[in-house]
Ligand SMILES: C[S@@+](CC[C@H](N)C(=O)[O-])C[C@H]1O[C@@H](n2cnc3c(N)ncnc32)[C@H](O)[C@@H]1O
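We begin with a single chain expressed as structure tokens, specifically the form predicted alone.
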Amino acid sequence: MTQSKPQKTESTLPVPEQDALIQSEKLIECIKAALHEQGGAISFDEYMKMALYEPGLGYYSAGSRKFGSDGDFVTAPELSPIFSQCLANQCAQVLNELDVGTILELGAGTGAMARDILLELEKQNSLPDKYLILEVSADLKQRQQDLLKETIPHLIDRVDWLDALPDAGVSGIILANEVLDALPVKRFKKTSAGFKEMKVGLGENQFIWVVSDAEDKLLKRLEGIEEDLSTSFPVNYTSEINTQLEQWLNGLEKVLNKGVMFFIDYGYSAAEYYHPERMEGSLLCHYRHRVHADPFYYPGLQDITSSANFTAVAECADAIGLHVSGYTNQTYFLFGCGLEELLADMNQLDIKAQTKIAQQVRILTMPEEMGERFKVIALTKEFDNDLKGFAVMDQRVRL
């Protein structure tokens, strides 16, 4: 087991307030205790899970503001209601064809997407029986409740909040926008001696990377990935793998009686994800709208993400009996869901409003913005109809 130097974080990152520093220090002590219990090192997925979800202390469990201009990042639903209105068009198609249905949203952020979807579905007379929100953060749950009670009080009775997946199955839709990227991942490195696991240890009172031998199960997974690629991993290649993805998807499959799951996230096919030029993997951290690659910077105060491997999602789905019914980038999906028609309806707005909407649409759809980086995958169960979101371009062949 060898140690590597701690990663230096950009000095331009703002220093947190005192109460936030205290919260981070408490989480650091929890992680140190886990390190001690496991002999001085823990896997990165365990570290990431604690940094993001440790009760009361993790990034998504504590009370810091995460979304919007005064948070750490902006998601598509926060950027423009047009995103959610397009998604609502896709939801309406599924709900109408099922004739009855529930929407279950995983991790609803501020609640903006739920609000805008429900408003659009109300216009189309296609409201779900229930809109369920699974939210692990008590703080975000309260913010969602406040927003929906204030903005759509007449629809609030349709919305229920959950702390865990429902025991009784649902028929309808499961939505997950920017959820896959927050699932904990393991890190690995290809060395001249073979695959190693990048674990987390402690050195000079700060967290550091620890290079250790990969366990047999992980080793076989990595060797299988390498065999499927057109070229072997270069020496010193570092990347991520989600070893819990099939288990996570299996939990969702058991909940969905029939219907469609839509996952929207930034990510790639396996060939792109593990491209030889992507030598440092896809691990990114977001703090006050700054993006960097140091996951050890003030644990609990920043988001830690890894791009979604959509080939892995498709393979896991297939293994548990779900059908991959569509895969495309965000641009094609939004146009398939009626973006053009929505924009035509806005011609009566004044120039200032039209200019603002045009700027929002540009960010949502241009390749250099969110349009190509973000993908949408649909997994279905006992639902055979073609989905409108993939009518313009279905890119399943790229998986």
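When you see a residue number, it is the position in the sequence shown, counting from 1. Just so it is clear, the structure is predicted and the values come from calculations on it, not from any experiment.
The same protein also has a form predicted in complex with the named molecule, omitted here; what follows describes it.
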| query | finding |
| --- | --- |
| Partner-contacting position among 238, 75, 80, 325 - heavy atom within 4.5 Å of the named molecule in the predicted complex | 75 |
| Contact assignment for the named molecule in the predicted complex, among 119, 214, 92, 106, heavy atom within 4.5 Å | 106 |
| 335, 391 and 394 each touching the named molecule in the predicted complex (heavy atom, 4.5 Å) | no |
| Contact test in the predicted complex: residue 183 vs the named molecule, heavy atoms, 4.5 Å | yes |
| is_contact(residue 155, the named molecule) in the predicted complex, heavy atom dist at most 4.5 Å | no |
| 4.5 Å heavy atom contact, residue 161 to the named molecule in the predicted complex | no |
| In the predicted complex, residue 245 touching the named molecule (heavy atom, 4.5 Å) | no |
| Option from 173 to 181, 123 to 131, 270 to 278, 215 to 223 whose residues, in the predicted complex, bring a heavy atom within 4.5 Å of the named molecule | 173 to 181 |
| Heavy atom within 4.5 Å of the named molecule in the predicted complex - qualifying residues of 122 to 141 | 134, 135, 136, 137, 140 |
